[in-house]
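Only one chain is given next, in structure tokens, and it is the form predicted on its own.
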């Protein structure tokens, strides 16, 4: 199947590569000509402008926008809406706010254009591991795009089946779901990222306690000089708190247990704030997620070892660099 990709950064470029490896075709565009040239060398068709991009796609077209949330995505979707024709589909795979998706879908519908939002998790590891996807859009369009999603998803792999799921949508076991109408995909991904904040904060605080178990404030007989890297490693193996985040933590600590390469300045990309706004609108208590977000704010004033670990985890799964 053919897909057009706009935005060839850490995730967009690797999404194209994963599709090409499975026999799909791709038309690619980016403001950086070198990024386009790199994928052309790997089998994609390059475009020199958005107009050229749309012209090179076969109808009914499918154009995936993989750009930062905000003005650049808004402008690109609007321009595509002017260039594309009835029956075409615009996909936003970035981290847009779900209410923006609902508005865009409504704006594009009178033109006969379809809009699909894909909450995409997998970061810099997605090329090899696959991407977990939470998809919003009308059923017919999402079904038409299924060959794309099936290739991008991790697949069933070696994860044991969950008992009691017989007869339910098998796509969830393969690593992707049709969550609902436009906006539903990014809503689910938003909450996913809010939970991620809480999980990361719990690991970071726990390891901070372990790191300071030899504090001079403790009675001498109650001090422990612990090997933090070994603790992370043993917890990966059979522990109830094992996870991919813990894998990344163990990797960071194996390289430098003191995390001297990190300042502890922990950024947030917006989804945590949006998750809390949704919780407020729904009158749902979110104590842990709130505390995790506020801890990131606090890290920008007085960083701790826990903050360094948070920053290391963000770099591990998403390639996020600390602000200079």
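Here, rigid core means the biggest group of C-alpha atoms that superpose within 1.5 Å across both forms. Numbering follows the first chain given and starts at 1. Being a predicted model, the structure only gives us computed values, none of them experimental.
Only in words, not in the display: the form predicted together with another copy of the chain, which the text now covers.
Student: At 4.5 Å by heavy atoms, is each residue in 129, 264 and 300 next to another copy of the chain in the predicted complex?
Tutor: Verified in the predicted complex; spot residues all in contact, yes.
Student: Among 175 to 183, 79 to 87, 141 to 149, 105 to 113, which stretch has residues whose heavy atoms lie within 4.5 Å of another copy of the chain in the predicted complex?
Tutor: Single hit among the candidates: 175 to 183.
Student: Indicate whether another copy of the chain has at least one heavy atom within 4.5 Å of a heavy atom of residue 50 in the predicted complex.
Tutor: Output for residue 50 is no: heavy atoms all beyond 4.5 Å of another copy of the chain.
Student: Please run the contact check for residue 296 against another copy of the chain in the predicted complex: heavy atoms, 4.5 angstroms, yes or no?
Tutor: Yes, contact at 4.5 Å.
Student: When the contact criterion is heavy atoms within 4.5 Å, does residue 96 count as touching another copy of the chain in the predicted complex?
Tutor: Contact with another copy of the chain, no.
Student: Given that the partner is absent here, does residue 257 sit within 4.5 Å of another copy of the chain in the predicted complex, heavy atoms only?
Tutor: Contact with another copy of the chain, yes.
Student: Given that another copy of the chain is left out here, which of 35, 57, 67, 289 has a heavy atom within 4.5 Å of it in the predicted complex?
Tutor: Partner contact (heavy atom, 4.5 Å) among the options: 289.
Student: What residues, if any, in 239 to 275 have a non-hydrogen atom within 4.5 angstroms of another copy of the chain in the predicted complex?
Tutor: In sequence order, 239, 240, 241, 242, 243, 244, 245, 248, 249, 250, 251, 252, 253, 254, 257, 258, 259, 260, 261, 262, 263, 264, 265, 266, 267, 273, 275 come within 4.5 Å of the partner.
Student: So, superposing on the core, is the move of residue 312 at the CA at least 2 angstroms between this form and the one not shown?
Tutor: Residue 312 C-alpha, core-superposed: shift of 2 Å or more.
Student: Would you say whether residue 303 is displaced between this form and the one not shown, judging by a C-alpha shift of 2 Å or more on the superposed rigid core?
Tutor: Residue 303 C-alpha, core-superposed: shift of 2 Å or more.
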